[in-house]
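There is one chain below, alone, in structure tokens, taken in the form predicted alone.
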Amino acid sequence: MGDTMLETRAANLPKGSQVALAELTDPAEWKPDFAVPFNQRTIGGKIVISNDFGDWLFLTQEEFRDFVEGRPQPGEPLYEKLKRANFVASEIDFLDQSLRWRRKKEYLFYGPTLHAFVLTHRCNHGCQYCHSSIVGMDRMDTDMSIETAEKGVDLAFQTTAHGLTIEFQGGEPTANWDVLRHIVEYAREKNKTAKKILSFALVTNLSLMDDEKLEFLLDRHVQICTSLDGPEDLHNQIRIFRDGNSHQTLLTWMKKINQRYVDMGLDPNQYRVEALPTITRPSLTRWKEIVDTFVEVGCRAVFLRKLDPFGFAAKSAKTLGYSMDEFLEFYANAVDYIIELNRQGVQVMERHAAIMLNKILADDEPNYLDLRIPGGACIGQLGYAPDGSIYSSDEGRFVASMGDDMFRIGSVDDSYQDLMGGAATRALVMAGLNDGHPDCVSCVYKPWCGQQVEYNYKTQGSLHGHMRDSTWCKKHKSIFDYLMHKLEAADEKDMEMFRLWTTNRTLDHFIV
């Protein structure tokens, strides 16, 4: 498919619309006892309905009218369709639905699983959208000490979760290599008695990588993640590396690491360096090149991340920023192209769409912290700063890097009980619910959406936010609309492709 067709399709980005029941049916005919509570939205010529269990259906306007007016009778096709999707109140198996709810809300029954350790603020890159308060490579006073690191690990292991991931962030975390090594060895030793499902992840620009570091990371099963913003000129324009060519250095190490996984006998379809792009204004017209770059380096997933309102990204918004409408047009172009590649036999997916489809099609909760209720602040993740301060999340730390300690909930010297039971944590968890938002409670996408309180605070000055004017809401609702249009029009081959995107495989190699 040519670029012109894709551009035309994006220019007419399909959207849904909220529609009141009274606009579609006669209130005098409603039979509220027939249906479970539901929300509705028009998608093309049909109406999609959803319930709080996470079920959904496409109905014609005539079917919708019959549904609201309680006309379908047992044995009729519409009744049986509604019954199978748990929309007929008298047919609900409440024990089954309670077990289903518990399975998908399992994360509510244990503490934070993601523990992001910022090992240093030093970095040898000058990325124009950096979220962190980076400093020059000579500022070793910003490094996390071994003493602070051990206190942080001790605290992380107190989580009531059966598993935890320690993620190394920066700056460039490998600049504080001795502490990174120590944390890995210290945590592995602690886990001999704790016996948790332990994993490590390193977020790195790979510019300080060498063979000795790589062998340690491979031997200790540390997953490696990086940033790749597209083709060489685009990547180097945004991710400035004065000591060399960032793009060439990155791809050289990605290729070497991926080959080492193959040499170790690991499936290359599952094990590879994870790379993420951040979309800036220069990216908007280059969606095809960005996707092609990821395919060429062997990535099976592209996570199209919008520029966040934190750190340097907020300061450089005049040169790198764009409207939400511009991002959504870029997103539709890119995902349309990804779908076309799949139809041609190229296996690649867009990660954000895959997460949403996991919820919609697979009835699963992938525990993606930005799209769950309540959100991930405090009870899903914690961010550990070099000085030992603990924040609600990585995003909470980003806010702190801008001079606002709103999301600092304590330090490594505090007890786990005080951190998890403190007033700040309770307030953030309550704000992360969507049951109290006027627009959320009537949204058809409520079962699959979520809140990020840090984003609300930074963009609207309130933890709770105002969804009607929220770019967070606009982004997610628009992507849900886009996917619903795709599902409504999908043939069996397209549905098979979308189901393949929802396939989750446990990366056992990275579990200690």
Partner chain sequence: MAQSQIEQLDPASSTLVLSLDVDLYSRDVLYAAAYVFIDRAYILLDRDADRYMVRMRAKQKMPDETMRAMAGEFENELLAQALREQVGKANQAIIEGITALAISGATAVAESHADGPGLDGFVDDPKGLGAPWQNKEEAPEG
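We call the rigid core whatever largest set of C-alpha positions still superposes within 1.5 Å between the two forms. On a predicted model such as this, the values are computed, not experimentally measured, just so you know. Numbering follows the first chain given and starts at 1.
Keep in mind the form predicted together with the partner chain is missing from the figure; the text below concerns it.
>> Going by heavy atom distances of 4.5 angstroms or less, which of Leu266, Leu214, Val348, Leu251 would be at the interface with the partner chain in the model of the complex?
In response: After the contact test, the surviving option is Val348.
> Which residue among Met402, Ile355, Ala424, Leu320 has a heavy atom within 4.5 angstroms of the partner chain in the model of the complex?
Replying inline: Looking at Met402, Ile355, Ala424, Leu320 one by one, just Ile355 meets the 4.5 Å heavy-atom criterion.
>> Residues Trp177, Thr471 and Ile479 are flagged as a possible site; in the model of the complex, is every one of them within 4.5 Å of the partner chain by some non-hydrogen atom?
In response: None of them does, since no heavy atom lies within 4.5 Å of the partner.
>> Considering non-hydrogen atoms and a 4.5 Å limit, does the partner chain approach Leu483 in the model of the complex?
In response: Outside the cut-off, so no.
> Applying a 4.5 Å heavy atom distance criterion, does Leu218 contact the partner chain in the model of the complex?
Replying inline: No.
> Any chance Ile146 has a heavy atom within 4.5 Å of the partner chain in the model of the complex?
Replying inline: Judged by the heavy-atom cut-off of 4.5 Å, Ile146 is well away from the partner chain in the model of the complex.
>> Can you work out whether Lys190 and the partner chain are in contact in the model of the complex, taking contact to mean some heavy atom pair no more than 4.5 Å apart?
In response: It does not: once the partner chain is placed as it appears in the model of the complex, Lys190 has no heavy atom within 4.5 Å of it.
> In terms of non-hydrogen atoms within 4.5 angstroms, which of the given stretches 204-212, 364-372, 233-241, 70-78 touches the partner chain in the model of the complex?
Replying inline: After filtering at 4.5 Å, what remains is 364-372.
> What residues in 78-96 sit within 4.5 Å of the partner chain in the model of the complex, counting heavy atoms only?
Replying inline: Going through 78-96 in order - heavy atoms within 4.5 Å of the partner chain in the model of the complex - the hits are Ala89, Ile92, Phe94, Leu95.
>> Aligned on the rigid core, do the two forms place the Cα of Met495 2 Å or more apart, comparing between the shown form and the other one?
In response: No, Met495 moves less than 2 Å.
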